[in-house]
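The chain below stands alone, shown as structure tokens; this is the form predicted on its own.
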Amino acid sequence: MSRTIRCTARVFLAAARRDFLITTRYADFVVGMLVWPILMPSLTVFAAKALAGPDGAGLSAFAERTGTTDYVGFVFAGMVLWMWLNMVLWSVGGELRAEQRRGTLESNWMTPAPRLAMLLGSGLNQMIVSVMPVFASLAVCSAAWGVRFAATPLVCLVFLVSTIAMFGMALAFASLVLFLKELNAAVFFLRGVFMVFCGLTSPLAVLPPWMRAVSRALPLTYSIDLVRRLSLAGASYADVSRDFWVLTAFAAGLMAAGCLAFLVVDRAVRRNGTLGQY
């Protein structure tokens, strides 16, 4: 048993190291990952400033619905978390497709190494890479706009739980690649759903009741709302405990479902002999 665990850990770390070396070989990719999460939220902030009016008359209505007048931080929190999800789905969820393009998927998958450990190891590297733009974006927001996000232990725990939920979704998307051989349409659809329903740039209170019902079925809604309330509005654990445990349930369920989906699909494609099909 201990030997199996050691072998699995070696595969996990080897896959993470391999993908880290590949990622760092392309400087333009790293630069793009840092620039995009800074420019996109900034454009939304400029639009929000215009809608607030020259004297900020719209801020009172905004504060009534959100509990804060800091609409810059409000927008950045929503947009950055959405972009983080977007990057995770593309990178972790598309890892198997990248291996198909490199021509290494079939040869790696034919080895006796645990395939789930290989995918999780690659995902670890992609998650680390995707977190870097998040911190870069928040740093620029703080320096350029003067926004102060309260980085409490509870906020860090929310980020950790959100990471698990996003990773679980990405694993499910990675499984789709083995069947569909493509990921673009699924990612475009899902990120559009999250953009519309999760209140990225506006409070959920302004949405129609049916849209609010849909938003409560999406884990990103809870991640964004918890970060905003804890970091900007000064909420305590007692204020957010229910939503925090809902997000935790989402994370546990999505991670288990993602791993299960991958194992089922992996077994199916090996049985059908379609792993090498491009």
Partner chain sequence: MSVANAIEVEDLRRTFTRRAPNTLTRMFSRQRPKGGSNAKEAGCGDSGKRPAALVAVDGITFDIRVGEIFGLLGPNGAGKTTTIKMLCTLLEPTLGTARVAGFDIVREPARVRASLGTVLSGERSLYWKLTGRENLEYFAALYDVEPSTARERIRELLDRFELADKANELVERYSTGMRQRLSIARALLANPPVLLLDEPTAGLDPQSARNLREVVRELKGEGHTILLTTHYMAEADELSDRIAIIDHGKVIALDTPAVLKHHIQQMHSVEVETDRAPNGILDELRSLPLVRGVECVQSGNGYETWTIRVLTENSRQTLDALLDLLRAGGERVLNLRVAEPTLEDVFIALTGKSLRY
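In this text, rigid core is short for the largest set of C-alphas that superpose within 1.5 Å between two forms. Positions refer to the first chain, counted from 1. Note that the structure is predicted; figures quoted are calculated from it, not measured.
From this point on, the text means the form predicted together with its partner chain, which you will not see here.
Q: How about residue 107 - does it come within 4.5 Å of its partner chain in the predicted complex, if we only consider non-hydrogen atoms?
A: Heavy-atom contact with its partner chain at 4.5 Å: present for residue 107.
Q: Is there a heavy atom of residue 83 no more than 4.5 Å from a heavy atom of its partner chain in the predicted complex?
A: Contact with its partner chain, no.
Q: Please tell me whether any heavy atom belonging to residue 158 falls inside 4.5 Å of a heavy atom of its partner chain, as the geometry stands in the predicted complex.
A: Residue-level check for residue 158: no, no contact with its partner chain.
Q: Heavy atoms within 4.5 Å of its partner chain in the predicted complex: does residue 22 have any?
A: Although its partner chain is absent here, residue 22 would touch it in the predicted complex, with heavy atoms inside 4.5 Å.
Q: Based on heavy atom distances of 4.5 Å or less, which listed stretch (150-158, 135-143, 163-171, 98-106) is in contact with its partner chain in the predicted complex?
A: Selected range: 98-106.
Q: Honest question, do 11, 15 and 272 all end up within 4.5 Å of its partner chain in the predicted complex by heavy atom distance?
A: Yes: 11, 15 and 272 each sit within 4.5 Å of its partner chain in the predicted complex.
Q: Scan 211-230 and note down the residues that get a heavy atom within 4.5 Å of its partner chain in the predicted complex; none is a fine answer too.
A: Residues within 4.5 Å: none in this stretch.
Q: Is residue 9 one of the residues whose C-alpha moves 2 Å or more between the shown form and the other one after the core fit?
A: Where the cores coincide, residue 9 still shows a C-alpha shift between the shown form and the other one that is 2 Å or more.
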